[in-house]
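In C-alpha cells, the next block holds one chain alone, the form predicted on its own.
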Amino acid sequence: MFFNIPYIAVVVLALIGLATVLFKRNLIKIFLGIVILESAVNLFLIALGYREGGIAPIYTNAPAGEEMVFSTVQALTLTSIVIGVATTAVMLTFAMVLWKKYGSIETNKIRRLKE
C-alpha cells in the first residue's frame, strides 16, 4: 500500500493541474496549473527511478553488490526542471505583454477585445 503513495500523489497533482488549466480564466492561474502538471510529471519520473536502499549514482566507489538508483531518470528530471523554468518565464512574459496590450489577463476579456 505504501509503495503507491508517490503514484497517488502524481495522480492528485495531475488532476489539480489539469482542472486548473481547464476551469480557470486568469492566465497566471492557468500557468500555475501547467507548472503543477509539470511537477506531477517530474514526481512520476523520480518515482519510477527510485530503488529501495539504492545509492546515488555519483558515488563511484560503491561497494560491490550495492544497487544504485537510475541515473537516467534523474538526469531527465533535472533537464525537465530547467526546461520548465524557462517555459514558465516565457509564459509569464506572454502574460505581461497581454496585460500591457489589453489591460487584463482574464481570457474571456481578452477574447472580447479581439472581436
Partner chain sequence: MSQDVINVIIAQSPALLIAIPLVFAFFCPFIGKISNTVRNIWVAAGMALTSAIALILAWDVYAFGTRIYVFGAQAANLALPMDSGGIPVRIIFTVDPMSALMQIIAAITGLAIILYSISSEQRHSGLSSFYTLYLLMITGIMGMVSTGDLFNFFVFLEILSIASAGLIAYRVDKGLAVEAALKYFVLSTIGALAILFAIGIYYGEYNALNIAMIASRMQFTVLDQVALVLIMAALAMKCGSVPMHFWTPDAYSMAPSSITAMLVVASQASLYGIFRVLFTLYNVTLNTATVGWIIIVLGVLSMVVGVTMAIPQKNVKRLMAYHAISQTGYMLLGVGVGLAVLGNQPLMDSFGYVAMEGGIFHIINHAMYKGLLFLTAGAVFFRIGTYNLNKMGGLGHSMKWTMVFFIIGALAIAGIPPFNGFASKWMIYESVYVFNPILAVIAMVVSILTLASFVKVFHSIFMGPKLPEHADVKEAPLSMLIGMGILAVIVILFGIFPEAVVNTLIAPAAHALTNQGAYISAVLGGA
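Residue numbers count along the first chain shown, from 1. All of these numbers come straight from a predicted model, not from anything done at the bench.
There is another form of this protein, the form predicted in complex with the partner chain, and it is not shown here; the text below is about that form.
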(message) With a cut-off of 4.5 Å between heavy atoms, is residue 34 one of the residues that contacts the partner chain in the predicted bound form?
(response) yes
(message) Taking the partner chain as it sits in the predicted bound form, is residue 55 in contact with it (heavy atom to heavy atom, 4.5 Å or less)?
(response) no
(message) Please determine whether residue 26 contacts the partner chain in the predicted bound form, using a 4.5 Å cut-off between heavy atoms.
(response) no
(request) Decide whether residue 91 counts as a contact residue for the partner chain in the predicted bound form under a heavy atom distance cut-off of 4.5 Å. (result) yes
(message) 5, 16 and 68 - do all three of these have some heavy atom no more than 4.5 Å from the partner chain in the predicted bound form?
(response) no
(request) Sequence order please: the residues of 73 to 96 with a heavy atom within 4.5 Å of the partner chain in the predicted bound form. (result) 73, 76, 79, 80, 83, 86, 87, 90, 91, 94
